[in-house]
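Form predicted on its own, single chain, as structure tokens, below.
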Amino acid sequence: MKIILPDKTCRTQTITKMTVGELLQDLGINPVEVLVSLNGMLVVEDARVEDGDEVRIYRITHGG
């Protein structure tokens, strides 16, 4: 699986089936602070990721 982190670095990881939430936990990323796309589609934490997927993590920015 190809993982593109918020700082635009890429990481490759071989996994068995897991959820987006479990992946974020493994990466030490708070799910409240990010959006995740799986193969180009925004997904929720319960979505399943598998080997061969592309996961892109976007940091949510807010302010005034």
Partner chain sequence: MPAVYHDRSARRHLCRDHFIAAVESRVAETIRSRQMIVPDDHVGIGLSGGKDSTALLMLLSRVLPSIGRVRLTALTVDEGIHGYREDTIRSADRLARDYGIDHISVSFSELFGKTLDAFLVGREHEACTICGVLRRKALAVAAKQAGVTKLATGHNLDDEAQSVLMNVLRGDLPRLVRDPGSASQGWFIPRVKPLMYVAEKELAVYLMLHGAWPDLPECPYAVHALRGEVRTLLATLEQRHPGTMQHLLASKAQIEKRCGRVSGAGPVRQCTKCGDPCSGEICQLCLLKKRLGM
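Residue numbers count along the first chain shown, from 1. Nothing here was measured: the structure is a model prediction, and the numbers come from that model.
We do not show the form predicted in complex with its partner chain, though everything after this point is about it.
Contact between Asp51 and its partner chain in the model of the complex is not found at the 4.5 Å heavy atom cutoff. A residue is said to contact a partner when one of its heavy atoms sits within 4.5 Å of a partner heavy atom; Glu33 meets this definition for its partner chain in the model of the complex.
Heavy atoms of Lys2 never reach within 4.5 Å of its partner chain in the model of the complex, leaving it off the interface. Leu42 belongs to the set of residues with a heavy atom inside 4.5 Å of its partner chain in the model of the complex. Of the residues in 1-16, only Lys8 comes within 4.5 Å of its partner chain in the model of the complex through at least one heavy atom.
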